[in-house]
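In C-alpha cells, one chain follows: the form predicted on its own.
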Amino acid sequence: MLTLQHIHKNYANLQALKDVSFSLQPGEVVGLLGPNGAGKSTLMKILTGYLKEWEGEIRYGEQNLRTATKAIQQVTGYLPENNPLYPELYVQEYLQFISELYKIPQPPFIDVLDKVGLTEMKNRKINTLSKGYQQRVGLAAALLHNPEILILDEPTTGLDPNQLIEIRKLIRQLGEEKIVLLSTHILSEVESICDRVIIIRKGEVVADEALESLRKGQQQIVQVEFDYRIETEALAKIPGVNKAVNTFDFNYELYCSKEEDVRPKVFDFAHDNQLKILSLQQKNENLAALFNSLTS
C-alpha cells in the first residue's frame, strides 16, 4: 500500500498542497481530478521523488519516501503530462536507452511494445510519429521495468478514438495488479477507467469516493458516436435502452436501465448494422455534479 499522510507543499507564498492524506493499493485505478492549478502535478512530482522539499510522510509498505527515495523510484513508472522524448531516436533505440538507465538485464521489449500497440512502429524515428503514438512511447518507457506503482499524468492526450479504447483497456488491466494513479481533468476518462476518484481543489482533498457509490441511484447514460446517422427508434430497441436522443450529428445519448451495462449490446448493434463506433463512454451525472459543486 502507498500511504500519504498530511502532505504540505509551498512555493514561496503559494500553498500548492495542504494536508493531503489518502492511501492507494493494487487492484484499483484511482483518478486524481481537479481544475487547473489544483495541485495534481505537484502531488505527482512528489510521489515520483522529483520534488524533495515538502512536509508530511509518504510510505510504500515499510519504506519511507524520504529515506528510500531510490528504492521506491525503482518500482515506480511515471508518464508526465509533457511527455519528454528524444525525437531523433528510433522507438526501440529510445527504449533501449531507458532500459540502460534502469539497468534492466533483459528488457521485455517485445511484450511492452505489444501491450502499448507499438510493435509496427519500433523501427520508426520518434519525430515521425503522431502525438498519439509518441504518447504510447512514453507509456512503454514507464512500463519497461515492470513497476509496482504507475503514475500517469494525462495519459490519453493526443490519442484518436480507437487508440483511446485500447489504452483505456490497458490501464484497466494494469490496475488489476499495480497501484495506478491517473491524473486528468476529463470526467469521462475517470468514468471509463477508474474505480475511485480523488478530487482536489486549491491543494486540498475535497472528495474521495468509489465510482460505484456515485453510480448508485442514477440512470445509466451511454454516450456513443457512430460513423453514420441512425434512427433513434432503432437505437431504442437495443435491449436495456429505454430512450435514445440524437444530441448532434452522429452523436447519441442512450438512457438505460440502472442494473446492466449495455455497452456490449451497443457494440453488437453496431456490428450487426455494419457501423463503426467512433467513441463510447458512460456519463456519470453524479460525478459531474459532485465535481462542479466542489470545484466551481
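The structure displayed is predicted, hence computed values, not measured ones. Position 1 is the first residue in the sequence shown; the rest follow in order.
Quick note: we don't show the form predicted in complex with a small molecule, though the next part is all about it.
Undergrad: Every residue in Pro107, Phe109 and Ala140 with a non-hydrogen atom within 4.5 Å of the small molecule in the predicted complex?
TA: Verified in the predicted complex; spot residues all out of contact, no.
Undergrad: Hey, in the predicted complex, does Gly31 get a heavy atom within 4.5 angstroms of the small molecule?
TA: Output for Gly31 is no: heavy atoms all beyond 4.5 Å of the small molecule.
Undergrad: Verify the contact flag for Ala38: yes if a non-hydrogen atom of it lies within 4.5 Å of a non-hydrogen atom of the small molecule in the predicted complex, no if not.
TA: Taking the distances in the predicted complex, the answer for Ala38 is yes, it comes within 4.5 Å of the small molecule.
Undergrad: Does the 4.5 Å heavy atom contact test between Ala16 and the small molecule in the predicted complex come out positive?
TA: Yes - in the predicted complex, heavy atoms of Ala16 and the small molecule come within 4.5 Å of each other.
Undergrad: At the 4.5 Å heavy atom threshold, is Thr42 in contact with the small molecule in the predicted complex?
TA: Because a heavy atom of Thr42 falls inside 4.5 Å of the small molecule in the predicted complex, the answer is yes.
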